[in-house]
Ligand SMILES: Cc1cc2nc3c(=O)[nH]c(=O)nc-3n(C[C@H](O)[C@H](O)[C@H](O)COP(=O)(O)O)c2cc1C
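Quick heads-up: it's one chain on its own, the form predicted alone, in structure tokens.
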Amino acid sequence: MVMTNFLQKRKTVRDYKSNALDAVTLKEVRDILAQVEAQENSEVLNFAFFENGKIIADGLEGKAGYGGVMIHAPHYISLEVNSTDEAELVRTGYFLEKVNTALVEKDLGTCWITVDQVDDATKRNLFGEGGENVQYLIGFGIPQGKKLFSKETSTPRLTLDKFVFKNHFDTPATPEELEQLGLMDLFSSVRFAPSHMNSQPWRFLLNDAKVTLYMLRSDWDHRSLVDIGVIMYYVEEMLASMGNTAKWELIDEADKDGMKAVARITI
């Protein structure tokens, strides 16, 4: 799937058919997790696959979901995060969305569910030893068919001049400048990347061939750090589709205009 189209059409699915996926698809999901874990090579991020989603959904009813209403999916993937290190939280978002993208590319509906506010006892009971470290779930399955005459819904997104800047944060990058750099399609697409409560905490500062990713200091918390990892993943994927294999490097620099520098990539 072309990443530009994927991002613009990416939607959270909250209603699923109750039937389980077939054995072939379930094996493909397990293979996806194994491949991502092998590429990621980290001792602090661990995925687990829960085939019987009803047990998970019932156990989290009233404790997680949207407005306390749990999203009932036939299957779930959990991510156990054994570190509160800022870099690991960024990696959490990066690899969760990598798994999520692979599921969507198989025409499965998906939904991120945060469980960081669920009590440790409940999480240990549902997810086993170490379950208290599970912070996120991906629910997935076959989406329910769209109802006749249902309306498409979308959430407002920042315009380019609000999150892409050149040299200084008081100078928005113009469409012409982005076109000259070959980055117009990239930024027009990554603006659709998901974030918790649609906070969109990211800002980009262009300087010659380098792009520095900043995060609003006022949004500096563990959920926004995960969001930063998500958009880092999509930027890399968009660049790869353009033939650029550049990777982000995490950085530690002084704040700039209320922004915290997180990572830099050379284009």
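Remember, it's a predicted structure, so these values are computed and weren't measured experimentally. One rule holds for the numbers: they count along the sequence shown, beginning at 1.
Unshown form predicted in complex with the ligand; subsequent notes refer to it.
- At least one heavy atom of residue 112 is located within 4.5 Å of the ligand in the predicted bound form.
- Under a 4.5 angstroms non-hydrogen atom cutoff, the ligand in the predicted bound form lacks residue 17 among its neighbouring residues.
- For residue 121, no non-hydrogen atom is located within 4.5 Å of the ligand in the predicted bound form, even though that partner is not displayed.
- Contact annotation: residue 127 falls outside 4.5 Å of the ligand in the predicted bound form, judged by heavy atom distances.
- Contact with the ligand in the predicted bound form holds for none of 50, 103 and 143, as no heavy atom of theirs lies within 4.5 Å.
- Partner contact region in the predicted bound form: 227 to 235, out of 22 to 30, 204 to 212, 53 to 61, 227 to 235, criterion any non-hydrogen atom within 4.5 Å of the ligand.
- With the partner omitted from this view, the residue of 90, 71, 81, 178 that lies near the ligand in the predicted bound form is 71 [heavy atom within 4.5 Å].
- Taking a 4.5 Å heavy atom cutoff to the ligand in the predicted bound form, the contacting residues in 192 to 228 are 194, 195, 196, 197, 198, 226, 227.
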